[in-house]
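Take a look at this single chain in structure tokens; it is the form predicted on its own.
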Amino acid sequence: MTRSSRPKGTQDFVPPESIKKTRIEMLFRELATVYGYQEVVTPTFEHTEVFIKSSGSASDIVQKEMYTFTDRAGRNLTLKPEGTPGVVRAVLENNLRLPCRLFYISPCFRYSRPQKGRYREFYQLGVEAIGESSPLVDAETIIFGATFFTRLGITEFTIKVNSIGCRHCRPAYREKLLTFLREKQKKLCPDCQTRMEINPMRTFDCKNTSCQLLLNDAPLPKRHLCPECTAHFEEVIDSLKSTPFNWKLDEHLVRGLDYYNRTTFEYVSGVLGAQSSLGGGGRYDYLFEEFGGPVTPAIGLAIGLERTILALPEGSPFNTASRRNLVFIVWTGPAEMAAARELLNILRQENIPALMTYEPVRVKRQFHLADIAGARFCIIVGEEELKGNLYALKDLITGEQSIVPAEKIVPTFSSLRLSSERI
């Protein structure tokens, strides 16, 4: 029999990595809730046109990376390569009242070359502030992501920010850039030669070294902003100046999607190597119109879960494989098993994580099973303990043992209760 293996570009989240994943997601949910966001869950696949409308036909996502298939009814469907388009479609289709703030935690799929921190199936943590046009919302969104990383213990990151203008100032800039690119056309890579005619700013996102060198002399979007865009971006920058986070202006930053306008931003960390981006986002004030909706200002960000895990420092509590708040019940013989089961049910009814083995194994083996389970405490249910209406309690981290009256066993573990908001 041949051993099965996972598809290329995917990964298994097994303990302790799955624990890290859960903790990070829970922190993200908590922070998003504090900032006034509510969770939205969209389908894993959408009609393909949803992503063509949003990402743009010139983007690498549409041209090279989408997992697209035809179902049995002949519909053209695509596994979502990012979260925002599905959220926009859901807001319109469900007639959500605006303004609204939504967050999501979702698997996404892109066919790209797998490398460290880059997978074909990956997880995005995202927020979308929809119906809000103030530059202060732009700054708050940027600060949200920076705060999230900081609370994880990630401090070695820089926020890159830029403005790429609006539909009023961009046409004139587009012509200036296009004139420049046509003069250099033969020196551009084949992809950029295609991009330049569809969306010339897309060339700034090219990873080809020779193209990057050529674009050092290209006209830059921030230097051709209209007065409204200039004032908008200045207010974003003024807000960032009052924060403790490390940020810098990057006039070449356009991000890899066609729907952005005005503010764009990205979080980068040197600890990740070549794939330095932790996430980013920008304003997309025209995307709802592309979907047939009304004029709707919006801004969002998306964070890569896998890269976030890689960026966790050794000292971060989110990067430890510490024992979980689990109680393992050890019973000493067949007569004590019924009492152990009764205690197990009592603890679980009180939302105290608890486990025991039903196999007739020795006490030493049960302690070993508690270790495998990553339990923090063991409660010993023995003949002498039952006679005295007592339990022996052992802390598997400190090694300390104590005797606890049966009626106090639940209060003893009240601080270990799990809820949907804490792990």
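The first residue of the sequence shown is number 1, and the count goes up from there. Note that this is a predicted model, so its numbers are computed, not measured.
Here the subject shifts to the form predicted in complex with a small molecule, a form of this protein not shown in this document.
- In summary, among the residues Arg324, Arg118, Arg101, Lys222, the only one with a non-hydrogen atom within 4.5 Å of the small molecule in the model of the complex is Arg118.
- Comment: the small molecule is not present in this chain, but in the model of the complex one of Ala311, Leu301, Val254, Met196 has a heavy atom within 4.5 Å of it, namely Leu301.
- Of the candidate stretches 225-233, 239-247, 181-189, 78-86, only 78-86 has residues whose heavy atoms lie within 4.5 Å of the small molecule in the model of the complex.
- At a distance threshold of 4.5 angstroms between non-hydrogen atoms, Asn208 is out of contact with the small molecule in the model of the complex.
- Within this chain, Glu128 lines the site of the small molecule in the model of the complex, having a heavy atom no more than 4.5 Å away.
- The shortest heavy atom separation between Leu215 and the small molecule in the model of the complex exceeds 4.5 Å.
- Put simply, Gly280 is close to the small molecule in the model of the complex: some heavy atom of it is within 4.5 Å.
- Relative to the small molecule in the model of the complex, residues Phe51, Arg170 and Asn261 are all farther than 4.5 Å at every heavy atom.
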